[in-house]
Every structure is written in structure tokens, then in C-alpha cells.
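What follows is one chain in C-alpha cells, specifically the form predicted on its own.
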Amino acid sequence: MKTLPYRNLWKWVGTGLLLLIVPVLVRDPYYLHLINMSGLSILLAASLNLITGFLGELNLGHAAFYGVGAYASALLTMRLHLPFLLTLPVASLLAAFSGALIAYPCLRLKGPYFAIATFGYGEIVRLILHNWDTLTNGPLGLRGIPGPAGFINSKVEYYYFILTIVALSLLAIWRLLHSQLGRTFWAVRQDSVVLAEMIGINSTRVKVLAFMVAAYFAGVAGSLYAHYLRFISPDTFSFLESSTALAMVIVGGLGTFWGPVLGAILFTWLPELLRSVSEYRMIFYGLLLWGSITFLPQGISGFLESRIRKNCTTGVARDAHS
């Protein structure tokens, strides 16, 4: 696993400055909306990557954590009139708790049985949201969800707020992956459970903790989604959302840090690029996913990293020869 490069600091400073002036460069509200949605997709994909990419477990119900965070935050604001800055962490913690609940029984299963169990969990959550009319308003969803009153009133302000949350979340994930706990994720994935436990790693505890962390960040994305769009419904958090998040991770680069970021941006903007042929969109998604698995098994991130490494090696060899 590669560490985040701190050399060439000017590149990071330049990237940060570019992100700060995006609202100056992008004046169209619709495109700024797509950029904001890209930020939410990055959070969702990065959280799923913790389970599927770094832990090696295929999770087909990740949208459930997304939905728990969205509905919990919306209901806490609408029913209890709690401020958004309080509902955001509370809803995320509730999503993390739901991650622990599903992790304990599902982690007893292996391979396709685990994937089927997570798919079932996602459908159970969706059906609860769909049928619990008195709490969730059923299939009609929740409308008029209040935004973060007092400090966010426009898409530009939402952009800076989402950018801050996404940046802090990615930094937290990076720090986690390069901590002792992150190294145990890799140990559990690379070695069998028996071998991991032989060297003192409690694989079940590690996997449950990974589920909780992933669910927490998915809950953060869900809370932001609810208060940004002001409307949520059960259909938003269906299996289609889970499969789209999984496609983001696979196409971007499974088990890489920047892969989910690239995949999330790509899949957020693809519907806009394919608007003229929207009826064939799912076919294109399938072909893109097949092509990525077949020709780019390491995803876009892995491909770009290998090309950069190859060019650097070629440049060093050429300089040495000359």
C-alpha cells in the first residue's frame, strides 16, 4: 500500500487552490450541483472501499448505511428540531451502529453467502423505510428537509462545506489505513483468518470495526445528501445505489486510495455525458465495468500509477545512460 506523497508539496498546494476557486470557474448552478454530488459520491465510494477494497469482503448492501444516515439526520432535524451540526455526527454514529449489527452475523458467512447476506440486509432496510409510514412517510419519502440554517444558503456555500467534509474524511481514512489498524486490515485480507489469528489478530473484531468505520462515513454522506437535496425516499437507497458505488470502486481502482475518488467523479458525470443516449446508459455501465475488470484489473488509479512509475523509471534510466 502506497503512502500519500508529501514530496512535491507545490502540487498539493496547487490542487488545493484550484479546488478553492472552482465556484469562480464554474458559474452554472447545474454543473456546480454535479460537483457537489461528486463529493457525496466520493464519500460513499471511499467508505465502501474500506470493506470491499481493503478488507476483501464483497458488500452488496452498502446503500443501507447511506440510507440510515440520511433518514436519521432528516428525522432528527424535522421531528426533534435538532441543529444540523448535531444531527450529522449522531446520524453517522447510528449508521456505524447498524454496521456493527450486520457485521456480526454476516461475517460468519464466506464468499457468495456473505455477499447475499449483505444484499438481503440492504433490502430489509429499504423495505423498512418503504413500509414504516408513520416514521418515514413510506414511499412518498421526506420532503422539505431543512438545510443547515445559519451558515449555508447557496450551492457555492454547500460546495465549500462538502469540500471540507470530504477532505477531512479522506484524510481520516488515509490516516486510518496507515495506522496499526490499517495494517491489520491488509493482514486479514492477504492471509487467511487462521494465519491472521495465529499472529495475534482477532479477525472478527477487525472486520466489525472496519464495517463500523465504513458505515460511519456512508452515514456522513447520507446526512449531507438529505440536507443538500431536501428530499429523500426509499428508492434512493436501493440495490442500484449499492451496485453503482461498487462500480465506482472497481472502475476507479479496488483497494487503492484514489481509485474511489476517480470512480465517483466518473460515474457522477457519466449520466450528463450520456444524456442523449440515456436509454442505453445501463448497457454502457455494464460494458465499462466489464472492460475495466478485463483490461484494467487495477482500475484507473492503478493504471495511472503504473504508467507514472514506468515513465519515471524510463526517465531515470535515460539520464543514467546519458
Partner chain sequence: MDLLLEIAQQVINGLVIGGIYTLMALGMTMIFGILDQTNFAHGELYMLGAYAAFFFSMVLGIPYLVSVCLAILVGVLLGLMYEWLIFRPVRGKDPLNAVIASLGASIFIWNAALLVFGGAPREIPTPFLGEKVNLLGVSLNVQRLLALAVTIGIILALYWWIGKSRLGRAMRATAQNREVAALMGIKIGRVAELVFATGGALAALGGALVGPIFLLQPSMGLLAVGKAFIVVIVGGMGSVLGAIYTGFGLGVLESLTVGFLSSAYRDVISFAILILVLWVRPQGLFGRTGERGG
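Numbering follows the first chain given and starts at 1. Values in this document were obtained by computation on a predicted structure and should not be read as measured data.
Note that the form predicted in complex with the partner chain isn't included here; everything after this is about it.
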{"property": "Every residue of Arg108, Phe239 and Ile283 near the partner chain in the predicted bound form, heavy atom within 4.5 Å", "result": "yes"}
{"property": "Phe119 within 4.5 Å of the partner chain in the predicted bound form, heavy atoms", "result": "yes"}
{"property": "Exercise: Leu224 in contact with the partner chain in the predicted bound form, heavy atom 4.5 Å", "result": "no"}
{"property": "Thr294 within 4.5 Å of the partner chain in the predicted bound form, heavy atoms", "result": "yes"}
{"property": "The partner chain contact at Tyr104 in the predicted bound form, heavy atom, 4.5 Å", "result": "yes"}
{"property": "Proximity to the partner chain in the predicted bound form (heavy atom, within 4.5 Å), stretch among 266-274, 26-34, 52-60, 65-73", "result": "52-60"}
{"property": "Residues of 236-251 having any heavy atom within 4.5 Å of the partner chain in the predicted bound form, listed in sequence order", "result": "Phe239, Leu240, Ser243, Leu246, Ile250"}
